[in-house]
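Take a look at this single chain in structure tokens; it is the form predicted on its own.
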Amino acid sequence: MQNATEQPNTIRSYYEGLANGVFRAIACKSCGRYTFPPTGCCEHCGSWNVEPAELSGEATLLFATHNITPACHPRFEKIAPYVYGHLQLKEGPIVQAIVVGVKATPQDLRELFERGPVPAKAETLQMDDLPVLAFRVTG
């Protein structure tokens, strides 16, 4: 295990990657699974034997809903109301993220629900203060 002062800044690396359209996680050398967003240890087996990994950005949208209440943070006021969902990344982890390209209306959400799980691709929303992970339905 690395000394804590020698470990790379995982959060900074994540946001720097996101700003450049690179989606970073960690891959566990002990169990082979991915942790996303990246942390200092494996969320599956607890091992500290991890290494940075880039994700494909490919996912399957499993569930989507909308945010019709006030945005949960001022940074999201410009895009509210918006759709967010649960997505399973190609590499395995399930994440929650904003879904772009779908209107936050009951009709559009029903149409998306009836299509079932649909493919999606990660992209970055450049907000005023930091980049935010989002996904766009591709199929």
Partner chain sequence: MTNTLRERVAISGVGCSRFGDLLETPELKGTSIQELTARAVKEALDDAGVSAQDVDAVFAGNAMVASSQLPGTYTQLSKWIGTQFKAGVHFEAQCSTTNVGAALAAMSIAAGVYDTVLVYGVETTRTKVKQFSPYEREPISHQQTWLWTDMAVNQAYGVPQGYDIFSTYNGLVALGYCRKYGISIEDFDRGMFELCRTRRLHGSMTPKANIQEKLEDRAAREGFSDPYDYWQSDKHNPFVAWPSRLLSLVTTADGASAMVLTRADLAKQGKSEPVEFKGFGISYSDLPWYGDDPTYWEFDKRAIDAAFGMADIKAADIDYLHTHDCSHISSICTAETIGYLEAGKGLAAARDGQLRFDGNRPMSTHGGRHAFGHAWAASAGSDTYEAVLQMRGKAGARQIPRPPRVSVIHTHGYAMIGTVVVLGSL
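Residue numbers count along the first chain shown, from 1. All values derive from a computational prediction rather than experimental measurement.
From this point on, the text means the form predicted together with the partner chain, which you will not see here.
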Is it the case that Val22, even though its partner is missing from this view, gets within 4.5 Å of the partner chain in the predicted complex, heavy atoms only? no
Would Tyr34 count as touching the partner chain in the predicted complex under a 4.5 Å heavy atom rule? no
Spell out, yes or no, whether the shortest heavy atom distance between Val100 and the partner chain in the predicted complex is within 4.5 Å. no
With heavy atoms only and a cut-off of 4.5 Å, decide whether Lys90 touches the partner chain in the predicted complex. no
Sequence order please: the residues of 103-139 with a heavy atom within 4.5 Å of the partner chain in the predicted complex. Pro106, Leu109, Arg110, Phe113, Gly116, Pro117, Leu130, Val132, Leu133
